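One chain comes next, on its own, written out as structure tokens in the form predicted alone.
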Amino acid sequence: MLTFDRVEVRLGDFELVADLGVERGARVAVIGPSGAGKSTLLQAVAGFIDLTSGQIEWRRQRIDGLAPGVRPVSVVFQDQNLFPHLTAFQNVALGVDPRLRLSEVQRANVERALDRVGLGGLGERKPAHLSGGQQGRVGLARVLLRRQPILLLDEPFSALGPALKVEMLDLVSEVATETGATVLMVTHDPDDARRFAPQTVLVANGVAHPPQNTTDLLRNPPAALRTYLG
């Protein structure tokens, strides 16, 4: 289980508190008004933001004191975390070795990951020569290769059209099933939550609430979410 134990994050006048647990292997959407702290919640797990108080545990072991690079976490942001000067192959290979000094076995594993997400034969292309959907697949290939138990998605497909976004969400579901990852996905779109996540964490008024059934939450949203959804 991923546990937020009386977590508090303060950034200037902003404050977010979280006291909740996410079951191992769960797929959870994170939804709420803009500026409520959805990305802050993910960044606290990844180690990009320090906690003011409380602790974050994974399988009963504290991870909030660990450096970001050694946490059991993979993150995909809106820009897919891609380096524009590197090829798709190299961007994926960073998940194996940041120095890009790969053995033949490791190179073969990168090629397999690219094939798995539908990018076979495109490894030498740089991000500027890939479509938005293909860039998203590069990010997912790296996730597949790293096989970390926690996957954090911060609106990685928000710029895609509806049909392509659905395709990418389904691919994320396949990758999560294949790796057994626990997934937290920030989204502004309730349809994304319905399609991808059986459970949803509502972040509103400075509080990240415990996961709730997605269908029930969106069918009968509390006032803060109802105002946001319109």
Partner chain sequence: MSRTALPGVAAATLVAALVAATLVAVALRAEAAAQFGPADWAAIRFTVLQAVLSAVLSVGLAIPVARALARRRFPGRRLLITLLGAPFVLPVIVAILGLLAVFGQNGLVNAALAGIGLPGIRIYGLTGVVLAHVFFNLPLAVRLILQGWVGIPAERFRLAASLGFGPSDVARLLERPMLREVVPGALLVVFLLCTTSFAVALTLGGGPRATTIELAIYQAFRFDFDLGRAALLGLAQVALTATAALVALRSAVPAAFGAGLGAPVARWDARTPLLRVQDTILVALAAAFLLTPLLLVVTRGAAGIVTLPASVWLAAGRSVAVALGSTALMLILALSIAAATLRLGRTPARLIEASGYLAVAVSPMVLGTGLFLLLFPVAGPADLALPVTMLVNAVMSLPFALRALVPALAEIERSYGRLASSLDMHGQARLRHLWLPRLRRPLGFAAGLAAALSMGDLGVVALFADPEHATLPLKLYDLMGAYRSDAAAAAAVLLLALSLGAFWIFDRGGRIDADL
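Positions refer to the first chain, counted from 1. This structure is a prediction, so every number in the text was calculated from the model and none was measured.
Beyond what is shown, the protein has a form predicted in complex with the partner chain; the following relates to that form.
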{"query": "Proximity of residue 35 to the partner chain in the predicted bound form, heavy atoms at 4.5 Å", "finding": "no"}
{"query": "Close approach of residue 95 to the partner chain in the predicted bound form, 4.5 Å, heavy atom", "finding": "yes"}
{"query": "Distance check, residue 199 to the partner chain in the predicted bound form, heavy atom within 4.5 Å", "finding": "no"}
{"query": "Close approach of residue 145 to the partner chain in the predicted bound form, 4.5 Å, heavy atom", "finding": "no"}
{"query": "Every residue of 48, 77 and 86 near the partner chain in the predicted bound form, heavy atom within 4.5 Å", "finding": "yes"}
{"query": "Partner-facing stretch of 169-177, 23-31, 66-74, 185-193, counted where any non-hydrogen atom is within 4.5 angstroms of the partner chain in the predicted bound form", "finding": "66-74"}
{"query": "Heavy atom contacts to the partner chain in the predicted bound form at 4.5 Å, residues of 184-215 in sequence order", "finding": "none"}
